[in-house]
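Let's start with one chain on its own, the form predicted alone, as structure tokens.
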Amino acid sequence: MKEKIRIASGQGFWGDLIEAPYNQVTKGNVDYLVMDYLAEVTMSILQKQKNKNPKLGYARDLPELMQRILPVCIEKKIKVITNGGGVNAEACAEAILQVAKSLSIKDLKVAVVLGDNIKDNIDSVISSGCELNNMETGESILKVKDKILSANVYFGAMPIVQSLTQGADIVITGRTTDTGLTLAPMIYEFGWKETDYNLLSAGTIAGHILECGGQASGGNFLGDWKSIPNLEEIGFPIAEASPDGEIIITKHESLGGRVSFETIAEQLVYEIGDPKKYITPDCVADFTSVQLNEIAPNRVKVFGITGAEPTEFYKVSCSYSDGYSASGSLTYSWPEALTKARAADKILRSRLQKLNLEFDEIHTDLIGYDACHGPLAVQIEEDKINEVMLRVSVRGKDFNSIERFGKEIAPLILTGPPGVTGFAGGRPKPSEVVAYWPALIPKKLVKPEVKIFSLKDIL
């Protein structure tokens, strides 16, 4: 058993800082690189891509990244774990193996975790007695079944542990929990059992700290953000884990950003719901038990964590088509920028009403005045406002109404208030609204599957 392992966060979402994973494996020593690419809406995007092309459906940044970092990872024996497989982990593995082939890397094992995608099995799930009721409304998924775009179960760390046990150098998963990516190496390296709930909770909380990338090392920091050094080359967080569940969060010293009591504490309360019951497939972690101690610059000890056994359910993230939306904007300049923008909004709404268009919602933002804080926005004297961007958005089920809305923005330029600019890119076009359907499914109805691939499988 190792006395300590270093797990580096490489991505917090699909589209995160491209240089971060490269820096993590080249600017210091780490044992694992974990990269979180998935969000709820990402799964529906990937499913659409796969529907159009069976070879797609994964984070296409991954093969390009592996072209850069794979030689380093092989040399330093760094294992890579990512949920960037999306809805097509096998195609992702094949693409990475093709990269390995181009680099003349022969002895590479890539594991894929399958079984999370239940989109094509929903009828059998329903027939078993689970109607995937919406966790917020209680409604049966039968209400939207014909409009479902994606349906994925959140697996935890254990399938990744199985992959590592089978000798995988790279693990590609689908909709695995963000925290499971970091927890899995600890279970594997330290021999933690499925009933070691306190230890599993410690690894889960470490995963929660790492899951948003640079947000735990000074990015998007609400405190004294101006004091964070060298954000242009921010160092993503690293978890130094010990067998007893003690975690030290740090970063590479040569990189920017800051790991401190404040940055870690802020990340801890990000998206957690009930702090005493942070539910994952592996355990239920108690965030109120967390203790932090800033033991040195850029080194924060996380300890004292307790937890409980997991529930009998997996969470399911479903997405479905829910109509269309469109947005259009115009910018009004001083003087009376706010008055002009409000007048234009009133004119536009009156015209839309007289056209008898059908919308579920019409929403207006006055960007530069109240778009972020709405009714809580500070009242500003109008002569002190240089410009206001009027952005109007509509949403509804009727495609033709949404499309016609897009034809009513440009006419405001010559038939509305003066001093207007900012219209570019053509008429606003309708785009599909993707809605979210969270549900629970008994674990006994879903089984993860691990497959190991090597170069011989693609030759």
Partner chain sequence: MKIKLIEIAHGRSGDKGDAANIGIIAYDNKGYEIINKYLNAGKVKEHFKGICLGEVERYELPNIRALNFILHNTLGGGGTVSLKHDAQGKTLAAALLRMEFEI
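Positions refer to the first chain, counted from 1. Here the structure is a predicted model, which means the values were calculated and not measured.
There is another form of this protein, the form predicted together with the partner chain, and it is not shown here; the text below is about that form.
Heavy atoms of Gly273 reach within 4.5 Å of the partner chain in the predicted complex, making it an interface residue. Shown alone here, Tyr154 lies farther than 4.5 Å from the partner chain in the predicted complex, counting heavy atoms only. The partner chain in the predicted complex comes within 4.5 Å of a heavy atom belonging to Pro375. Contact annotation: Gly223 falls within 4.5 Å of the partner chain in the predicted complex, judged by heavy atom distances. No residue of the trio Leu46, Leu142 and Glu358 has any heavy atom within 4.5 Å of the partner chain in the predicted complex. For the options Arg404, Arg391, Lys50, Lys27, the one in contact with the partner chain in the predicted complex, meaning a heavy atom within 4.5 Å, is Arg391. The partner is absent here; in the predicted complex, the one residue of Asp169, Glu266, Glu131, Asp345 having a heavy atom within 4.5 Å of the partner chain is Glu266. Across the options 283 to 291, 333 to 341, 174 to 182, 123 to 131, residues that bring heavy atoms within 4.5 Å of the partner chain in the predicted complex belong to 283 to 291.
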